[in-house]
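Encoded as structure tokens, the following chain is the form predicted alone, with no partner shown.
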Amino acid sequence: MTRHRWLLLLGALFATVALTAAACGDDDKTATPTAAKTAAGGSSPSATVAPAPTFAADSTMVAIVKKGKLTVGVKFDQPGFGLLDPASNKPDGFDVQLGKEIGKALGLKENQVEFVEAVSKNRIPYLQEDKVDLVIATMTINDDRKTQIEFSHTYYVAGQSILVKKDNTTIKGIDDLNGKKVCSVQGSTSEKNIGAKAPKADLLSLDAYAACVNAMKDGRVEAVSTDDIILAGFAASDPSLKLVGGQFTKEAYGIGIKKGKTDMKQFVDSVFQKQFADGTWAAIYNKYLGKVEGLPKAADALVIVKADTTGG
């Protein structure tokens, strides 16, 4: 072999070694730039992949994950909390988004969270009959319901109020409902509160608050009464309506869970604690409720929610 050919071979060998070392060096460094990009809020695929949650093998959560679907009962007629979009035929709102977040915390994809309509009178039966895994439907926590189902920690605190037509000057507060035709929803705490606080009111009970608002518009009733945040959604979308009377009750909303499924309650509560701390709850509040006139800012609303122990 000539000296020239030997030098060429030796050069090729060095080049091969250098390339191999460079390739190995890239493999060693792959985690570092990805981690740096993730920390900086980059868009690498690994930045969006959360560790799979782990649960006890016999837990309610594992049963849901194995089923591959979380079924959530929500309202379809309440602006801000649960309203069916006629274009997409899907509900959207504060309660709906909470359901999606719980599904995510279970390790499910968004299309594995199914929403079904749960009107006030069927919320508890749906849980008892296993038609839904959770009910997130502006459901007030109270002692009677606690004997029938589990409740999560409070996630919102409202207060009952009154909705009337803008030109109504005769109804200004709860006492003025006596002798008047008033609508609320069958099976709701609002219906019971009207009976207790305005016992002489002529109460019409319907299945949904949208039906009550329509009954007021066509003259069958003079007022609609339920939680202020629900009524505010109707008033915000219809300038011919107004809220009167302020709050005359305290309504702490909780997520309904089938009686005995305390592991699911603890899991949902842990999701809320994380949302309270990392800003997720405030972001959801601002998206759906932040622009509703008369409601507190997200930070103030969260203080009220965190301080409430109604849901345990």
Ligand code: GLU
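A residue's number is simply how far along the shown sequence it sits, counting from 1. Owing to the predicted nature of the structure, the values given are computational and were not obtained by experimental measurement.
Another form exists, predicted together with glutamic acid; not displayed. Remarks below refer to it.
J.: Taking 120, 123 and 190 together, does each of them reach glutamic acid in the predicted complex with some heavy atom inside 4.5 Å?
T.: Checked in the predicted complex: all three residues contact glutamic acid.
J.: Tell me, please, which stretch of 107-115, 163-171, 132-140, 238-246 lies within 4.5 angstroms of glutamic acid in the predicted complex when heavy atoms are compared?
T.: Selected range: 132-140.
J.: Might residue 145 be said to contact glutamic acid in the predicted complex, defining contact as any heavy atom within 4.5 Å?
T.: Residue 145: contacts glutamic acid in the predicted complex.
J.: Any of the heavy atoms of residue 253 lying within 4.5 Å of glutamic acid in the predicted complex?
T.: Yes, residue 253 sits close enough to glutamic acid in the predicted complex that at least one of its heavy atoms falls within 4.5 Å.
J.: Using a 4.5 Å heavy atom cut-off, state whether residue 155 contacts glutamic acid in the predicted complex.
T.: No, residue 155 sits far enough from glutamic acid in the predicted complex that none of its heavy atoms falls within 4.5 Å.
J.: I'd like to check something about residue 230: if you look in the predicted complex, is any of its heavy atoms closer than or equal to 4.5 Å to a heavy atom of glutamic acid?
T.: Residue 230: yes, in contact with glutamic acid in the predicted complex.
J.: Using a 4.5 Å cut-off on heavy atoms, what residues in 63-81 are near glutamic acid in the predicted complex?
T.: If the 4.5 Å heavy-atom criterion is applied to glutamic acid in the predicted complex, 63-81 yields 75, 78.
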